[in-house]
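Before any questions on how it binds or moves, here is one chain, the form predicted on its own, in structure tokens.
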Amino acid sequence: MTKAAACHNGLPSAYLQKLNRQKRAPYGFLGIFFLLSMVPFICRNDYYVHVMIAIFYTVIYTSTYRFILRTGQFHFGAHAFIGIGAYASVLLVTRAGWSFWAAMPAAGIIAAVCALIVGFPILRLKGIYFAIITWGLGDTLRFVYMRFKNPFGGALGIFSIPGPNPITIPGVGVIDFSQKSHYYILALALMMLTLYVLYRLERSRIGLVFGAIREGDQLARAIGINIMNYKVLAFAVCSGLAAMGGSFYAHYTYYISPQDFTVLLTIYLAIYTVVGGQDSYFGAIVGTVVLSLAGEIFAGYSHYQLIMYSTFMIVVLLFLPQGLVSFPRYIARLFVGNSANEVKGKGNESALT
């Protein structure tokens, strides 16, 4: 290939291919959205629709959790910001009289601001120290929710949370959220929006900086990168997006309590991320889908769910260190290896004859 064929207007072909992928990305996300939006019309079983809804908001939690891990911070307080989003949205709707459509983004902003406030002091810590601090933050907030019955409902939580306000869509009609299919579309739209934002961040210059910080923050600082600003940016953006997922959860289930936002939620997110493959953009999605479906299959053994998940994680790490997303490559290597051995064997036989 000539240099002229490899370049266009002075730009390398690899860079042009990357630009083309980024330009096509919105169409890909829209295509997946419309494809998945057909599910509730094909499958009218409310149980299966509910399972899909739970997977959608869990993917929001897991993908944002994974993105923070990309900055090299072992986050153990994701449940804190999910809870902030849920409680903030509920209080804005029930106490301040806000519409759900205003309360949900406002809850995300509130969580992002909280992440900014606590981010600058605690993100100076790393490893187990950061994990303990964020764990303590989550449990402190849970104690506050349990201690103050007004306005947080105390240990019993908040009941009779109103659903989203009805909306009118031209050509579709009024959506009053009286059916699970309505919640399904909303959860799907929120998940796709979150995944698209994270995709653009990860594929941008900012994403490259996050990768550099994860590989070696001292080296990144040495070449002039303000690692604190980038870490706080990732922490705030992901906390805000996770909080919007928490807002949806509260108005979907009509009830929240402090027990919904314990450290066990963050442990599950960590397992989903590791099992799926934390180095891959799709790892959090694959891990969440596979383990959520496995949890439904073994729903009768809910008391042993964490044990089953942990065992599954150990098995995956032993045989697929890069997570479930590497399984197709693992199978391909097996076939390629077998084919190579067969060719080598035939070559040896022909040499002997």
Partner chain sequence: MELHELVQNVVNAISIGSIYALLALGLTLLFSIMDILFFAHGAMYMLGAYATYYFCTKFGWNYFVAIPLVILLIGTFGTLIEKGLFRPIRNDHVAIIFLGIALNWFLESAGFIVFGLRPKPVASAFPGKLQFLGSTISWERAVVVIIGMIAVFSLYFFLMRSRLGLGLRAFAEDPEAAELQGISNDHVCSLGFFIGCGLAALAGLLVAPIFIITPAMGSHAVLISLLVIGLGGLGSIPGALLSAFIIGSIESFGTAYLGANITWGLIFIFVVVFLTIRPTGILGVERE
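Residue numbers count along the first chain shown, from 1. No experiment lies behind these values; they were computed from the predicted model shown.
There is another form of the same protein, the form predicted together with the partner chain; it is not shown, and what comes next is about it.
Asker: In the model of the complex, is there a heavy atom of the partner chain that lies within 4.5 Å of any heavy atom of D139, even though the partner is absent here?
Answerer: Looking in the model of the complex, residue contacts with the partner chain include D139, since a heavy atom lies within 4.5 Å.
Asker: Wondering, does M313 line up within 4.5 Å of the partner chain in the model of the complex on heavy atoms?
Answerer: Yes, M313 is a contact residue.
Asker: State yes or no: in the model of the complex, is some non-hydrogen atom of L125 no more than 4.5 angstroms from a non-hydrogen atom of the partner chain?
Answerer: Contact with the partner chain, yes.
Asker: Heavy atom to heavy atom, is L264 within 4.5 Å of the partner chain in the model of the complex?
Answerer: L264 belongs to the contact set for the partner chain.
Asker: Which one, L186, A112, A270, V232, lies within 4.5 Å of the partner chain in the model of the complex by heavy atoms?
Answerer: Only one listed residue qualifies here, and that residue is A270.
Asker: I need to confirm a contact call. Of F74, F177, F282, W98, which residue comes within 4.5 Å of the partner chain in the model of the complex, counting heavy atoms only?
Answerer: Spelling it out, the residue with a heavy atom inside the cut-off is F74.
Asker: Thinking of L30, H50 and F327 as one candidate spot, does the partner chain come within 4.5 Å of a heavy atom in every one of them in the model of the complex?
Answerer: Negative, none of the three is within 4.5 Å.
Asker: Among 32-40, 288-296, 52-60, 315-323, which stretch has residues with heavy atoms no more than 4.5 Å from the partner chain in the model of the complex?
Answerer: Contact-bearing stretch, as computed: 315-323.
Asker: Any residue of 139-175 with a heavy atom within 4.5 Å of the partner chain in the model of the complex counts; write them all down in order.
Answerer: Contacts from 139-175: D139, T140, F143, M146, R147.
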